[in-house]
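Shown below, as structure tokens, is a lone chain in the form predicted on its own; questions about how it binds or moves come after it.
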């Protein structure tokens, strides 16, 4: 009897998460109520509070689950490129980071929902988004920043962080705004094709990451300014 009750609990929990993910991606966080989610899942609305502590807790659980899959896939690819004590190349580090993101934009409703939920939260509740991103990605991001730094000894740590920031913006927009380039190219450029996107994106990112240090350029430009002082 106890195992049957546990199975029912797990099924209700999974139904709530599936409905929440679908509705949040479709209507946004603010546009969905606890009752909407429970009705879609076919369970009692009180279970949202029981399992997740409320709507925000439910969103956090959905987001964390999807982020965990993304982190695991990135870590697995990086481990494959690092097998046998090998130091992965810049191209390999970038490929390990971006491939799961590009695949998530195409494969499966659940995987596609993550960038949409993130985009909606950026507009509706940026403080909640920042909290969720920090909780789910700060540690894994540090691993990739370190790996990128090993490939780019000519750059300062701040240079690498800036370029990693631009990398995040690039893959985020590629996942959430593919319609723009499809419209401009009349369908010839299609970000929903991960292989074709990587062929274009990785050389672009390599060129950006391997560019000369901006800090050195700022110092040179600073000598021509009025007070002649430069802070590094």
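Between two forms, the rigid core is the largest collection of C-alphas that superpose within 1.5 Å. Numbering follows the first chain given and starts at 1. Computed from a predicted structure; not experimentally measured.
Omitted from view is the form predicted in complex with a further copy of the same chain, to which the following refers.
Interface membership of residue 50, defined by any non-hydrogen atom within 4.5 Å of a further copy of the same chain in the predicted complex, is ruled out. By the criterion of a heavy atom within 4.5 Å, residue 142 is counted among the residues contacting a further copy of the same chain in the predicted complex. Proximity of residue 161 to a further copy of the same chain in the predicted complex falls within the 4.5 Å heavy atom cutoff. Residue contact with a further copy of the same chain in the predicted complex: residue 69 places no heavy atom within 4.5 Å of it. Heavy atoms of no residue among 43, 58 and 64 are located within 4.5 Å of a further copy of the same chain in the predicted complex. Contact annotation for 182-196: residues with any non-hydrogen atom within 4.5 angstroms of a further copy of the same chain in the predicted complex are 184, 185, 188, 189, 190, 191, 196, listed in sequence order.
Superposed on the core, the two forms differ at residue 55: its CA moves 2 Å or more between this form and the one not shown.
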